[in-house]
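A lone chain, given as structure tokens: the form predicted alone.
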Amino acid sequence: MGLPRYAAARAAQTLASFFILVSIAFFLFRVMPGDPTAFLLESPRIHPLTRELLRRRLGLDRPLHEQFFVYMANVLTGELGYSLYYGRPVVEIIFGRRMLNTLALVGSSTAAAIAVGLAMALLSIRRYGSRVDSSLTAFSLVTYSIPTFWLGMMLIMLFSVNLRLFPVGGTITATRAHEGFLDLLADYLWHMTLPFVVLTLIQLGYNFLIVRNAMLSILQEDFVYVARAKGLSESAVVRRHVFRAAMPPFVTIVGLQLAGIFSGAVMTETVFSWEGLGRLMFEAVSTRDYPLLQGLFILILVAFLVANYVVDLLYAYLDPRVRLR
């Protein structure tokens, strides 16, 4: 199968997956326990008729199949409804300040984790079996195993509460009058330091272990022995041959991690009170805000489906055996 036919077949599978998963999400959110209007009208003095009128206005009184067809039509036109809690369009809430904060935090930490993890893997392979290799592997195993929320709270206790070097949470200092853009940017980066460190360390270990193990398996291939027999140095063998052969799994990691930027970091953003999409998802679950949850789910779904599609095409380009199957 040629690359164009393979791309068309994968595009059709991606579209089918999108509609199936969106349909599952619709019914999944509807079977969640609790009434979304109960959070809006918590006072026992609210008349039951008022709650019923609110349900009608939100369309929750319609049969489930009618709600489903209206929902699918809105998704296809880009209309994600209004948030039950915020009372604003879901698109306006998601594609605003929250997304910018998540892109800044998760995007920068993901890029740093990819770059540093790749450099560590190359160094580990070049020093395979040495103390450097053992130390890097142990460090990666520890960072990969640490729970995100625990690491975040430990950093807050050490650097925010005890040493008072960084703020406890938030994106900027609300009580501070910023003198200009550079002052605002410095305050923003100051607040982002600790969550950036947490996300980078958590992702770093995984990137290192995947790339290192891929290159270790490739070192046993025949073409590596041939390259050494030609007189190439070990550094040249790793850089020119082993690393290039390990690119397909590395491309998969990069694609999925870049797609994960749009899902935010729920644990980290919640621990550090970072106003991003991850914290927004936590708030939507707490308030049973179905339209907002569905909008976030669609954003994450589209990001991962597009990333998977692009990764599949890159995989097929780098390794023709994929599309020949």
Partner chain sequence: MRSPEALRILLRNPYGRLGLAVLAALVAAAAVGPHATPYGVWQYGVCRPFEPPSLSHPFGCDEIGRDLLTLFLYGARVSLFVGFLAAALSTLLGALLGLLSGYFGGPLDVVLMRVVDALLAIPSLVLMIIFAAILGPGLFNIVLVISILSWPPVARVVRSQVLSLKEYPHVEAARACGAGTARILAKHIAPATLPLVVANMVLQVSNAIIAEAALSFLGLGDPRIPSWGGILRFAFRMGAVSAGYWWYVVPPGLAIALAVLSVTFVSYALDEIVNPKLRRH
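Residue numbers count along the first chain shown, from 1. Because the structure is a prediction, the values reported are computed rather than measured.
Below: the form predicted in complex with its partner chain, not depicted.
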| query | Is there a non-hydrogen atom of Phe68 within 4.5 angstroms of a non-hydrogen atom of its partner chain in the predicted complex? | reply | no
| Leu53, heavy atom within 4.5 angstroms of its partner chain in the predicted complex | no
| task | Answer with yes or no whether Val161 is in contact with its partner chain in the predicted complex, where contact means some heavy atom within 4.5 Å. | result | yes
| Does its partner chain get within 4.5 angstroms of any non-hydrogen atom of Leu141 in the predicted complex? | yes
| query | Does the trio Leu21, Leu293 and Ile300 actually contact its partner chain in the predicted complex, every residue with a heavy atom within 4.5 Å? | reply | yes
| task | Could you tell me which one of Ala236, Met247, Ile146, Met72 places a heavy atom within 4.5 Å of its partner chain in the predicted complex? | result | Ile146
| message | Within 4.5 Å, heavy atoms only, which of Phe95, Tyr188, Phe223, Trp150 is in contact with its partner chain in the predicted complex? | response | Trp150
| Even though the chain is shown alone, can you say which residues of 280-312 have a heavy atom within 4.5 Å of its partner chain in the predicted complex? | Met281, Phe282, Val285, Arg288, Tyr290, Leu293, Phe297, Ile300, Leu301, Phe304, Leu305, Asn308
